[in-house]
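Take a look at this single chain, the form predicted alone, given in structure tokens.
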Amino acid sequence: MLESELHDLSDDADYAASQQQGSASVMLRSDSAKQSSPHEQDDAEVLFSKDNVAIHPTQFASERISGRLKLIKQGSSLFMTWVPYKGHSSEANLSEKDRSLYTIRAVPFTDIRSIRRHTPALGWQYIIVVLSSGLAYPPLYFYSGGVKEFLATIKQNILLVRSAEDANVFLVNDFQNTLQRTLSSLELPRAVSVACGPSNLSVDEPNSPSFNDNQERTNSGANNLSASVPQFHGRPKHKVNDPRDISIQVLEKFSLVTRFARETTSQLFGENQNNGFSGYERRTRIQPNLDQPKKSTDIAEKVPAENPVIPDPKPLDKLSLVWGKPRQPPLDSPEWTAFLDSEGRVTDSEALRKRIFYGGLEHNLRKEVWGLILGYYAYDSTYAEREFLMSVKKSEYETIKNQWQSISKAQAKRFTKFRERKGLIEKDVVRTDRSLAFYEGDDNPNITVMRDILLTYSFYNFDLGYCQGMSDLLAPILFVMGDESEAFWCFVALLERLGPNFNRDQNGMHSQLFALSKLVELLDCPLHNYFQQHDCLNYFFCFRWVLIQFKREFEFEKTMRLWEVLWTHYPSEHLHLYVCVAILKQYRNKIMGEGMDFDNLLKFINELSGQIDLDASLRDAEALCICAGENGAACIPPGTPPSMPIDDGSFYNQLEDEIL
């Protein structure tokens, strides 16, 4: 089937009916809300309702799922819902269970980053709603029009501005004014369950498109809209109480969208490549395929007893000197001392980084060495200079911390966004690595310290603020440093490089997934072609790996060892991308042999957690980096994290113009 045939739905037999039913949609204001059912809470107001808004789980237009889209306001909060109809004749082939998977239940606009509007030459307008995590709901097609009214209603209730990069992208709560941006930075970007997650704002499912709008109900639980949402969290001891990692939960729901919707949603990445990437790609087109077999290695890590996943066997090859390069024992105290002169300066920083790359560090050295490899201390600093810097930075940290600690209760009552951010941080930290003795137990002071560091960082970096996943990055640093101020400044140094992972526009994640796709094309062309044939080129299945640097894929000790290896930037500052390629290559035969599509691939990748051989992956990643050479470096756009961001003055540089 041609691409145009997939997107051209003009042959849909139900379109005529949808045109007639379109008159049922209305714009509801406060007067209509007062006429609604007594079951609807007085403070929950339906501002917008539109029938015949559909998603397409398959490439067949007749199998679309139609429903009603609403904007509901309660207090100062705006929510969006989309509920499919029941018993629609054109959707007889889809079960109620399948239909309910796509239901969007009361997602607050604090969880939404942007809305992308599409107006194709053939067919109907549709929108793609992008969450703060960078993931997206399936495209919503407006069969009876209404996109303009939908955006206008949003703009009347929250700040909505057109992106400077793309005139069809509207950013939610994005500010250009410095003061406004400072305050709005306390708006928490966070992800919510796309389909099945519970919501306190319930919406009755309409029975048909002719369902009377005056009979719509807002569940009596609508007055509890501020209930908790699942967050990023650590691995607790008891799985029964372990809520799923929310970003992956969103991604899993997204994976239920099959080929047609996924092709459309991939434009989130594909179209963004016009922001400098398409031209860059043309300038650095890679011809050779450097796919090389790897030497056989043993699995060094323990594999859980249930459902173990065995890597593909790796035959001997001509590059055995590279693939077989052994890992070394961790750097110990005598060896570390040999790298220092009498005053504490590192005499050969490159040799030190190389040594750490091949073996990591003994745990007792991490507190001293992490500050160096993260850039908190300079390699040529002396013991005395580091002590002095520590005291100066401690005072600076206390000054920043006092900014939020000095907020009175009266101020906090009028500072909604501060309360929301503080609340989310408090929810996140109690779910982060609680299986470790360092963080376990009630009233653990280390949990309080983690909360204080994250709140202080949100005031230190107003533009970036706090995003889910940051607690995962902070937990090992605080565990190693032990000191609140030192942990904070090391965390700051880390986010100088990984901060773009959490930017509102998700350009950091986009550039890394784009680079990953080009590296796979360069280093394993058959695997790249397979992903292309199975609609997997967006590489969303690697999202968690990149976002939090494999934090969920390895045990805590191995995560620390991997991180210190990555922080050396040897042999490449983008080694984490080569680690991604190495892991994919280890399991390529299983992926291709079983014909995994996007859904199965995502499930498979998630189930690899705890089963990946770290040493083998690092050996392979080094070899891939060496094989790729300059061609590999050319695949990675300048400024891709963890490179220092390119300061072009465009950060949060958005147009404050009319959206319509």
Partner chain sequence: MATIGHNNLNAKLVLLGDMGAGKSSLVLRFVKGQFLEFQESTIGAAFFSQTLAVNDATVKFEIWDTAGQERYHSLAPMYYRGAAAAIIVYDITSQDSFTRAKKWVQELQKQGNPNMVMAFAGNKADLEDKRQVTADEARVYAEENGLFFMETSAKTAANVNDIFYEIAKRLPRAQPAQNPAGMVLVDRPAEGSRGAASCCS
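Numbering follows the first chain given and starts at 1. Nothing here was measured: the structure is a model prediction, and the numbers come from that model.
Below, we turn to the form predicted together with the partner chain, even though it does not appear here.
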Proximity to the partner chain in the predicted bound form (heavy atom, within 4.5 Å), stretch among 580-588, 330-338, 357-365, 545-553: 545-553
Exercise: residue 141 in contact with the partner chain in the predicted bound form, heavy atom 4.5 Å: no
Residue 428 within 4.5 Å of the partner chain in the predicted bound form, heavy atoms: yes
Partner proximity in the predicted bound form: residue 631 to the partner chain, non-hydrogen atom cutoff 4.5 Å: no
Residue 46, heavy atom within 4.5 angstroms of the partner chain in the predicted bound form: no
Whether 371, 488 and 561 all lie within 4.5 angstroms of the partner chain in the predicted bound form by heavy atom: no
Residue among 352, 160, 115, 424 with a heavy atom within 4.5 Å of the partner chain in the predicted bound form: 424
Contact residue in the predicted bound form, from 576, 434, 528, 401 (heavy atom within 4.5 Å of the partner chain): 434
